[in-house]
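Presented below, as structure tokens, is a lone chain in the form predicted alone.
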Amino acid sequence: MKINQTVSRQQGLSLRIVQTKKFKTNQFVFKFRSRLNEDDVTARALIPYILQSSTKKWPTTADFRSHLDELYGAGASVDVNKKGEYHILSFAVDIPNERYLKDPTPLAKEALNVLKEMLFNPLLEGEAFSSKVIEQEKRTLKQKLQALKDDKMRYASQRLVEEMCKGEAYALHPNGSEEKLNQVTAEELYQAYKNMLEKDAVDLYVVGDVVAEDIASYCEKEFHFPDREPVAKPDVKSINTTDAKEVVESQKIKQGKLNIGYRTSIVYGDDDYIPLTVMNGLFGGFPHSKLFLNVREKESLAYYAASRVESHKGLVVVMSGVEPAKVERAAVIIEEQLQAIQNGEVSENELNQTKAVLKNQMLETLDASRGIVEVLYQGEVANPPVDIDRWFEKVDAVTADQVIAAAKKLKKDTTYILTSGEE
């Protein structure tokens, strides 16, 4: 399967256009990328929500939504996440393709106008964002950070990362911290916004049935980003695991959590990355995996048991929900499943089933315009960029020996246990 994208470089901006007649809407997504940094991660996490809440032309959320309604129900959204040790801020607009409407209004241009207004014309009070909007978005972000503590599955995942990657940028949550949120000033927020426009790596993805020349011409005329230095690539491979550590935390809970982090030194774009994803599928990625069948189904030790690959950090993370009294036994069985793969217990049926599920997952992802954007961006962040056009061939070519070799790269780093008891 091949994705036809046109890539052009403009001043401070990489423009990527995927022309396809597959969808009746067109999607436009800006991605801003910087290194994760404790000093500004919380301020940066607020910026997309502030810019979405108020602009000079649309000073209230109601005004903004009303304008989108006039554009045949266009949608706008923002997002904050991380890929490896990069902090990613996203701004997206989905809009109907005017070719399917009787109204000839150039909606692709209108979508770009919406993004331009969000990014370059925020509602300001002097050299700062509206104080009312700042307080509103601070309250919302605080609620999100507190909700993370209440969701024990997500909480345990974050705590494992904090303990395992202590002192590394990856330990930071993309939304920052409550402590920093209380300290962020209006001046720091505005400076973080200016840094985003002036220093971040900026990519604009356009997916749909558009005229590429018109999009490129609009961007060159209307989006003025200064030239900038490339964002430095994080060094995520040089950290060695010596002695594995165990962290136990007690709270008033009924269902415990047992999460285990392994370092692999394999990141997205490496030759052995796709064998690692196949290995993870066998280990705990899918319902036919060894963790699911043995830890959950056969031994009845866990409410859930799964694993995932942190692609740009080179980690494999096991997550399980376990009765506190069964944690020790579950840890043993989990380790046995990894050792089984390392010892070559990989049947042809398991291998083929895993490849089939992986390929179906990718096809489902590429069946949505946002999925196409995320897959292409995943390749771009790899630095040097990864061409995904041969991804399906590479999955088919993975051998059992490659899977076993990838499994042997896993080095246990940290075990995090959340168990019952007094907080």
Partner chain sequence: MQKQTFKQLEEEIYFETLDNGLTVYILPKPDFNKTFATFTTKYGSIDDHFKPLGEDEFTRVPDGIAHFLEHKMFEKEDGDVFQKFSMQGASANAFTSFTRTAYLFSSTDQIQKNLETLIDFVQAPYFTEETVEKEKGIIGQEITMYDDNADWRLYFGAIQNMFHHHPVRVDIAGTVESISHIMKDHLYQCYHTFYHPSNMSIFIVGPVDPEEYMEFVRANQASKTFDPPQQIERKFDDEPEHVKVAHNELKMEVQVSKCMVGIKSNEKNISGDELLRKELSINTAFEVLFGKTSDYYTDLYDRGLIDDHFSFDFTQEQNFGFGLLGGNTPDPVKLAAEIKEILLKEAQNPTITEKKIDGVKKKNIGGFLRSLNSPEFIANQFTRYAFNEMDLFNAVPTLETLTVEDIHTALKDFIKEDRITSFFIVPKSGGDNE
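Just so you know, these numbers come straight off a predicted model, no measurement behind them. Numbering follows the first chain given and starts at 1.
Heads up, the form predicted in complex with the partner chain isn't pictured, but that's what we're talking about next.
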item: Residues Lys102, Glu323 and Leu366 all lining the partner chain in the predicted complex, heavy atom within 4.5 Å; value: yes
item: The partner chain in the predicted complex: contacting segment from 238 to 246, 198 to 206, 108 to 116, 348 to 356, heavy atom within 4.5 Å; value: 348 to 356
item: One residue of Gly269, Pro96, Pro122, Pro234 in contact with the partner chain, assessed in the predicted complex (non-hydrogen atom, 4.5 angstroms); value: Pro96
item: Interface residue in the predicted complex among Val210, Ala74, Cys219, Ala169, criterion: non-hydrogen atom within 4.5 angstroms of the partner chain; value: Ala74
item: 4.5 Å heavy atom contact, Asn182 to the partner chain in the predicted complex; value: no
item: Ala302, heavy atom within 4.5 angstroms of the partner chain in the predicted complex; value: yes
item: Heavy atom of Lys82 within 4.5 Å of the partner chain in the predicted complex; value: no
item: Contact test in the predicted complex: Asp150 vs the partner chain, heavy atoms, 4.5 Å; value: yes
item: Heavy atom contacts to the partner chain in the predicted complex at 4.5 Å, residues of 280 to 299 in sequence order; value: Pro287, His288, Leu293, Arg296, Glu297
